[in-house]
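Next up is one chain by itself, shown in structure tokens, the form predicted alone.
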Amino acid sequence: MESILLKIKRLYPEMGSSERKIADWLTANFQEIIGLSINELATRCGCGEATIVRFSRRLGLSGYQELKLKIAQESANTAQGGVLGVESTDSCYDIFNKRIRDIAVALENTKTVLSPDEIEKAANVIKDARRIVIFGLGNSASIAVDAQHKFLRAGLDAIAYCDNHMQAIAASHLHKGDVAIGVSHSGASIDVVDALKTARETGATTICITNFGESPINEHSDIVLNTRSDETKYTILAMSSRIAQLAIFDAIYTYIVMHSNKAAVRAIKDAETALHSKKYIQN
């Protein structure tokens, strides 16, 4: 069943300015609506109560009360699956189990906000690209490098840039037929956003992988691939969001291999042959 957030994203282009205020507020404050009256929500969104009713009906609901009910149900489902807080009394194995649950929830939530059309477009654009550059900084740097590794094995011309100066230089040298991918959980990393902006100005197709919601990176991306992960104060390395990003890249890589007329399969075999001497042979 399609989630409320995914419906909001899908129908957003059809909404008027007042309805978009509600959509933007809900995206940023999803669970807060549960305790609000329709009048209180109208005040926070700067719109009338009739607009909230119209917004609810656009989502296929009878009105505001059903909207609150659906959001409460989705929030409860997330909590049951849920992001579990780490306690000081937890053993390391307890924490491991909680992290597995967090990651599972992040992957399920990502499934509700990742557009099937957008990831299909991204996979085909990357498959046919003349050159692929991937930008990532901080926590996202390892994701960019992993994507480079996958695409190179599939025989694609791909390189990851994890230095902000190199990102700016590489972006300025792209052309039509090239693809630039920006990875940023927040969607607000200045250097990654600026690199995508530059890449788009050169004629390259731009793709971002970012957490669901309005963010600066969306404005400079031709294709937006959303994750949905609520990181806690303990997850400094943003493991849940990184796993979701890795899953998106892995799906794209697998799609490319399956749709490359055996060229990618040959490239993978060639790579394995080249790497054979790098491993100890076991009897």
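We call the rigid core the largest set of C-alpha positions that still match within 1.5 Å between the two forms. Note that residue numbering begins at 1 and tracks the sequence as displayed. Bear in mind the structure is a predicted one, so any value in this text is a computation, not a measurement.
Unshown form predicted together with the DNA; subsequent notes refer to it.
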| query | finding |
| --- | --- |
| Close approach of residue 57 to the DNA in the model of the complex, 4.5 Å, heavy atom | yes |
| In the model of the complex, residue 215 touching the DNA (heavy atom, 4.5 Å) | no |
| Residue 19: touches the DNA in the model of the complex, heavy atom cutoff 4.5 angstroms | yes |
| Non-hydrogen atom contact residue 38 with the DNA in the model of the complex at 4.5 angstroms | yes |
| Output flag, 46, 65 and 68 jointly within 4.5 Å of the DNA in the model of the complex, heavy atom basis | yes |
| Contact assignment for the DNA in the model of the complex, among 257, 248, 53, 26, heavy atom within 4.5 Å | 53 |
| Large Cα move at residue 66 between this form and the one not shown, threshold 2 Å, rigid core | yes |
| Distance direction in the model of the complex for the C-alpha atoms of residue 45 and residue 193, relative to the displayed form (3 angstroms or more) | farther |
